[in-house]
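Presented as structure tokens, the chain that follows is alone, the form predicted alone.
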């Protein structure tokens, strides 16, 4: 089942044109990813929280998504303070913790959470179909747009197939262990899943041909700018300019 938990709503963010939201998310993510200015990172994080608040998204669901992201970031906290050279803060046995390492790990944490919050607020508030239309309107190559849509559409089908195979293993008494036999079983599982996904792709392609598919998806609804879209362009443009100015002042 395809879940678009945040796509339905009547907030200001939901009503924005999907094309504008894609551009906003792209520009904002680029600035956050390359910036090391504390003012830029702090204002960006506050801005992302404001977007989530304006979109009226479920805070519990937001925390679930942030939890998954921060699991990987936790690994950086275990590595960067030990590996980045700089001013020594303290030592644990032969492990030396540096101030620069902690700052670098903190910056990455803020960047990642800020970008994820912004992407959730901007992109998840539109349906996947509307985002597909928006990408097509932005002159993204058709093959990339179709690939994006079909991957999202059928990744849940592959997940369902994987769970079915996994349940079949459990019924047969398979218990994962750190052994060669377990690795061999998972290799067979992966191979079977790839073969079945290829077979499913062939079935889907033949079904599309039977329905008249000629390599082009036709856009059924046309996006149009509204007053709120024009107003948001001005507000976001001023904010992006301010971020660039702060970053430029720090760099110079």
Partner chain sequence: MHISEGVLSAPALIGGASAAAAGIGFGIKKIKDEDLPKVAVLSSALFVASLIHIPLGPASVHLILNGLAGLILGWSVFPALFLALLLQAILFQFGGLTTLGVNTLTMGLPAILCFYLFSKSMRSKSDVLAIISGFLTGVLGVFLASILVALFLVTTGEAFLNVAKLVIIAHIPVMILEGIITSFIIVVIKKIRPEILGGVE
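Since this is a predicted model, take the numbers as computed values, not measurements. Residue numbers count along the first chain shown, from 1. C-alpha atoms forming the largest set that superposes within 1.5 Å between two forms make up the rigid core.
Although not depicted, the form predicted together with its partner chain is the subject of the following passage.
When its partner chain is considered in the predicted bound form, residue 43 lies well away from it, no heavy atom lying within 4.5 Å. Contact check for residue 184: a heavy atom falls within 4.5 Å of its partner chain in the predicted bound form.
Contact between residue 53 and its partner chain in the predicted bound form is not found at the 4.5 Å heavy atom cutoff. Of the heavy atoms in residue 205, some are within 4.5 Å of its partner chain in the predicted bound form.
With the partner omitted from this view, the residue of 168, 159, 97, 74 that lies near its partner chain in the predicted bound form is 159 [heavy atom within 4.5 Å]. In the predicted bound form, 104 is the single residue of 92-106 with at least one heavy atom within 4.5 Å of its partner chain. Once you line up the core between the shown form and the other one, the Cα of residue 205 ends up 2 Å or more from where it was.
Once the cores line up, the CA of residue 194 ends up 2 angstroms or more apart between the shown form and the other one. Comparing the forms between the shown form and the other one on their rigid core, the Cα displacement of residue 169 reaches 2 Å or more.
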